[in-house]
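Only one chain is given next, in structure tokens, and it is the form predicted alone.
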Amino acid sequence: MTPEQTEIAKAKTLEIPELYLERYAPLVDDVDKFVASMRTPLAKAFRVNPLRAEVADVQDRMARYGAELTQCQWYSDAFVCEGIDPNATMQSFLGHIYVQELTSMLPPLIARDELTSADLVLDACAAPGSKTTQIAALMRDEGALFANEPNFGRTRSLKGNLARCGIFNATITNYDLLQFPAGLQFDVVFVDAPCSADGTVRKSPSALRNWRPERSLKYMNLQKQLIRKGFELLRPGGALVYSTCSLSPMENEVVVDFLLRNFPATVEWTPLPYFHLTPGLSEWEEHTFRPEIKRAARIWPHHNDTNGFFFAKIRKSE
């Protein structure tokens, strides 16, 4: 049995905790499809790095390796790859491609218009560099990008990926975001917050092994501090993108609602043609959210054949 066949066999027998389903089944449109998707391993994906390569050249080279590529309609630089491991190619080694989950590509993509003209950008939780290298590419390697990683040990992988992808506009900083100096105001801030990661089951089935609903409360308290600090570092009129790979409203809508109720912030709906986005929740358990929370986006695994994800594009009032 090949490693891929072993992975598929394990996924098909994945035990999903009853409490997990009780928590999320009321939020999805089709529980059976949701469960089936969770038991289907996630295909590898990558995006072409335009600072190093052209899409057509990458397609040609990957075809010679025997890769079966499906180009994403919603992002022409992104591909689902089957037949080979794209990490094991010369294109990955040379920085022509970056192997990255599709949902991870969404936060930079929804701020693409802002990034093309931004002078100062902060990626607040940057390692290993998936979003950072994509942000730099969308900035055309111009302006100044601060890649902040609070864990010093992880800055090594961040530095390596920036170099591999040919990025020169990024500066690595090593602050706890809550202690980040207040002297700069950024045009765009990305807060890809630490989370329970319970939307990543297709990639990491072990995420269910230690899953407990109370973990979301611990993360929520930290996430509120991080989104507040990110918003304080944003210039008036600037855009903050908050994201998690969690399905929990406690880590998503509750956190964004906290910001809206306490700061001059609004949420902007950012459609992605050919990509199914579900609006944020209006209410959950005892919580009734601000109406504009519906402009945030939930990504359910069965809608786009991805992991679960959440993002909100937030504008600071002038």
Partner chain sequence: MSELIPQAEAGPIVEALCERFGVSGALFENYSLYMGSKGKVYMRNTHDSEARNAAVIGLHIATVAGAVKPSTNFVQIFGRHFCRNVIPVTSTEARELIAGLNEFPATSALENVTDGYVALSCDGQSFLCGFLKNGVVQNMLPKSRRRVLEFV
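Positions refer to the first chain, counted from 1. All values derive from a computational prediction rather than experimental measurement.
Form predicted together with the partner chain: not shown, discussed below.
Partner proximity in the predicted bound form, defined as non-hydrogen atoms within 4.5 angstroms of the partner chain, places exactly one of 164-172, 128-136, 228-236, 208-216 at the interface: 164-172. Interface residue among 290, 44, 39, 52 relative to the partner chain in the predicted bound form, by the heavy atom within 4.5 Å criterion: 52.
Only one of 220, 110, 197, 120 comes within 4.5 Å of the partner chain in the predicted bound form through a heavy atom, and that residue is 120. The candidate site formed by 96, 146 and 184 is fully in contact with the partner chain in the predicted bound form, as each residue has a non-hydrogen atom within 4.5 angstroms of it. In the predicted bound form, the partner chain sits within 4.5 Å of a heavy atom of residue 84.
Contact annotation: residue 141 falls within 4.5 Å of the partner chain in the predicted bound form, judged by heavy atom distances. With a 4.5 Å cutoff on heavy atoms, residue 104 does not count as touching the partner chain in the predicted bound form; it lies far away. At a distance threshold of 4.5 angstroms between non-hydrogen atoms, residue 261 is out of contact with the partner chain in the predicted bound form.
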